[in-house]
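So this first bit is one chain, no partners, the form predicted on its own, shown in structure tokens.
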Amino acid sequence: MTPEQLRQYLTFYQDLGVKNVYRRTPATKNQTVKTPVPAEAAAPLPVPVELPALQPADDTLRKISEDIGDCRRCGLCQQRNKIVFGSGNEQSRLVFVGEGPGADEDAQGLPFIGRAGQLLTQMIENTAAKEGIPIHRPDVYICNVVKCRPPENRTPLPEEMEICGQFLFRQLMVIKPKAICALGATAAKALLATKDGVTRMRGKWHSWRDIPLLVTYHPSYLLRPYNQDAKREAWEDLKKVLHFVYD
């Protein structure tokens, strides 16, 4: 079993409320049974084994970044320029999670700085200003499901999202925001383990490890000229999450 598979099993059981697993104590080499006993009576007693934490004790964003290092865990490393870890207020009450870096992000090592990122900045700051909420983009935290740019901006593969997912998990657990906003289908599916599309999920509250999560459209989708209705819906989603977090 690989470390990633083990992590997934532990996550599954912890989400079910399981705190301990059990293993049987092996019999010693010289142990004998002189009188016949039922098999169940002869079986060694289970010994409780506490589940290990899914993130290191006293974890920090700096530790996570150091653990990523010059990551070579999947094929995305082959064509990337820079790893895009995340940016913003590390104590933010709101975290935006996107899909992965694009060309501009790959060149500079920062998330959401291309056309889609500029639109996201406008959405955050203009909506906050209109709603009387005194925040700007640097006041929130922004990161992606995968930290390296997929070739030709393709959708990350499941194994790529699984490998990078351990670092996203740790980022969110360290920040512990009041809410998460998932930008687009890839982020929503990675965080919610669902196959539903954005249209079905958006505008509704979901939950990631007891943290409220709202799904909305990815800014790159909103840049397409025929998505006028989606733009209006995205602004409504953003108003909802900003008021929830900052009111």
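These numbers come from a predicted model, not from an experiment. For every residue, the number given is its place in the sequence shown, counted from 1.
What follows is about the form predicted together with ligand URA, which we do not show.
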Q) Taking 102, 105 and 218 as a possible spot, do all three reach ligand URA in the model of the complex with a heavy atom inside 4.5 Å? A) yes
Q) Using a 4.5 Å heavy atom cut-off, which stretch among 125-133, 111-119, 167-175, 74-82 contacts ligand URA in the model of the complex? A) 111-119
Q) Is residue 98 a contact residue for ligand URA in the model of the complex, using a 4.5 Å heavy atom cut-off? A) yes
Q) What residues in 120-144 sit within 4.5 Å of ligand URA in the model of the complex, counting heavy atoms only? A) 144
